[in-house]
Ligand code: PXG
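Before any questions on binding or motion, here is one chain by itself as structure tokens, the form predicted on its own.
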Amino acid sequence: MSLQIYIDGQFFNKEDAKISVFDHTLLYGDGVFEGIRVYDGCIFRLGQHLRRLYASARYIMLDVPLSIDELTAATAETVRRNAIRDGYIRLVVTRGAGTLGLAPWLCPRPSIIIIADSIKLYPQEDYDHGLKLVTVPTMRNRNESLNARVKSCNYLNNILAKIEAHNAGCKEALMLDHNGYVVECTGDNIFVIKDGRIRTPPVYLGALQGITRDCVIEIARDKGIPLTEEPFTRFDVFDADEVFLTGTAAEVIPVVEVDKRPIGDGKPGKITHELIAAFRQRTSQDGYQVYR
């Protein structure tokens, strides 16, 4: 059975799913999106994802053509039609077809695209043994240019950093801001642990306010683990006892080396393992049940 793709109220086979070549999301990256996980038939934190989607759209003055309730129903139906019980949803709101100029007000009808499929960002061995990171020269966008809380379809900043990581033989890149503070990775938030205390960069530095990031912060505080959102530099990363990343596709994954420097003893740490286990336990308990 071919994958069923939702586009503007209709479902199309994957091979027949098309948008206009004049859509400004294709031409200029002018649109917003969400990546959402499905665990055991439950769409993880769907409401939180949709609120972030609408907030991103509002920031770029893009009118989402469905209400949250309508978009919830369309997302759930896309999952059902593709019989996804454990997988990934890509929800995109495009600016719509317009002219070859920049003007978004000449794009009269935004489009909604929903894809539900499987995903595997990293192999299991990376969760078992940890990732190696490299700091790249491409800096994270400044909020004055594009606020990182907008999850826009223009990901060139992240892609350039990803290319630099790949060229260095690593799967992820550490990105800094113009002051040298650690911000995030190309698709994941970063956490460091030192003496039992967790730190993660604040969103005002240019880090995305990730849904998985928020969940892990909640878990840590529920467990009584001290956690603060505060700026730090690469020194604090190199000196950490443990480092881990969070993201919708990546979930929670340990880091064991940064810029050829081992983190702690060079193995995934105890607190990271505890948070991974607690996150996996929470995934099917916190979301929208598709198959009722």
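Numbering starts at 1 and runs along the sequence shown. In this text, all values refer to a predicted model and were calculated from it rather than measured experimentally.
Keep in mind that the form predicted together with the ligand is not shown, yet the notes after this line are about it.
For the candidate set R197, R90, H129, R81, a heavy atom within 4.5 Å of the ligand in the model of the complex is found for exactly one residue, namely R90. None of L176, C107, I115, I211 but one reaches within 4.5 angstroms of the ligand in the model of the complex through a heavy atom, and that residue is I211. Taking the partner from elsewhere, Y122 is found to have every heavy atom lying beyond 4.5 Å of the ligand in the model of the complex. The closest non-hydrogen atom of G247 lies within 4.5 Å of the ligand in the model of the complex. When contacts are judged by a 4.5 Å heavy atom cut-off, T186 counts as touching the ligand in the model of the complex. In the model of the complex, K151 approaches the ligand with a heavy atom inside 4.5 Å.
Stretch-level contact analysis of 153 to 161, 98 to 106, 131 to 139, 216 to 224 against the ligand in the model of the complex, using heavy atoms and a 4.5 Å limit, identifies 153 to 161. Contacts of stretch 47 to 65 with the ligand in the model of the complex, defined by any heavy atom lying within 4.5 Å, are made by H49, R52, listed in sequence order.
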